[in-house]
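Alright, here's a single protein chain in two forms, structure 1 and structure 2, each given by itself as structure tokens.
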Structure 1
């Protein structure tokens, strides 16, 4: 476990917990490490909501599949990030999404009940961890609100530009890298990949963006934003 301590120290769940207390915390929570190959489900839709996970290495994706088999990408997870915490707080019985390894990954799994309930030993760090958990859930709600803001737009162009502008604002620059490849981005935006590729091509030709793989650049940003204020106002 010691080799993962650097990741845990940066994880918001362990915020304000002394480094020397981390080992005790993991023992109290019955934490364990599991490995997953690319494409393997870490958590499957419909499975019992019994664990909270922390990404230790690799990258995970949260996805949901509708009745017709269409996949929607909800979030991308990197080392130090959590998943399943909202289900733990809500007390739901079954997971409504699938968490899948986008590449080989190692994940720490923590018993939900151990996390959300104070233990019989009244460990001093447990109350701090519960407070941290509530703050994490609140922050995740804001992220999901952003996805709703993006996918509620009517056209592929509006969805893409809203997403790119949000990324630019969050990363503080007009040239940035997104966590998705083209198919994953299409799934996140809930559009067809062919339509997304066509729209990216149009925006390139119009000089609004530069795009290469996962890297994007917003060009002539101010002028285009002013002309598009009807679609993207408030960004």
Structure 2
């Protein structure tokens, strides 16, 4: 039981809610924990999008099936992670994905309507959770926006450079580590791993970057600024 509270406490949905108040909050929200066997659907495509879920133990996968019947994996969820919040908050009727237990898993489900409508005694945790939810969804938004900015570039080289520059900006240094290995980076950039390796090699040979494993360093990367300054109206 303790371990549940540890996970909740680390979960951004419960940020700034005092540990001793979590239990009360859960009661107020009528949160319940359900168990799922490996392969079992936690949420099936077409089911009402009414709940926010939190992985407590085990591992879940979000899948989507296209018109051809091809199933593709969208995300992999580990304990502490949230799912379904965008669907529930956006007010759509049915979830367009299936969430499945990749191994035996326990999941906490919270009715989003309950969360969103203030309870009768207007408890303050409630309000805090709504703000947390807003923060979480907005942050995810920025992550998506950034991914789109990167992957909208047409060539592997441009995608890679855009990604590296964003990382440098975010980490505030020209030398930094990325959270992906080569295959994962290729997946993120939506390009072929071999082509990515080739492009990294090319940039390295041109002296624009240093790269080994997850550590990158940008060299002759930054001094090209202002190239297009004064180009107003052209956009």
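If you superpose the two forms and keep the largest set of C-alpha atoms that fall within 1.5 Å, you have the rigid core. Numbering follows the first chain given and starts at 1. What you see is a predicted model; the values in this text were computed from it and never measured.
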The form predicted together with the DNA is shown as structure 2
Whole-degree rotation of the smaller rigid portion against the larger portion between the two structures is 30
For residue 139, the CA shift between the two structures after fitting the core, in Å, is 2.9
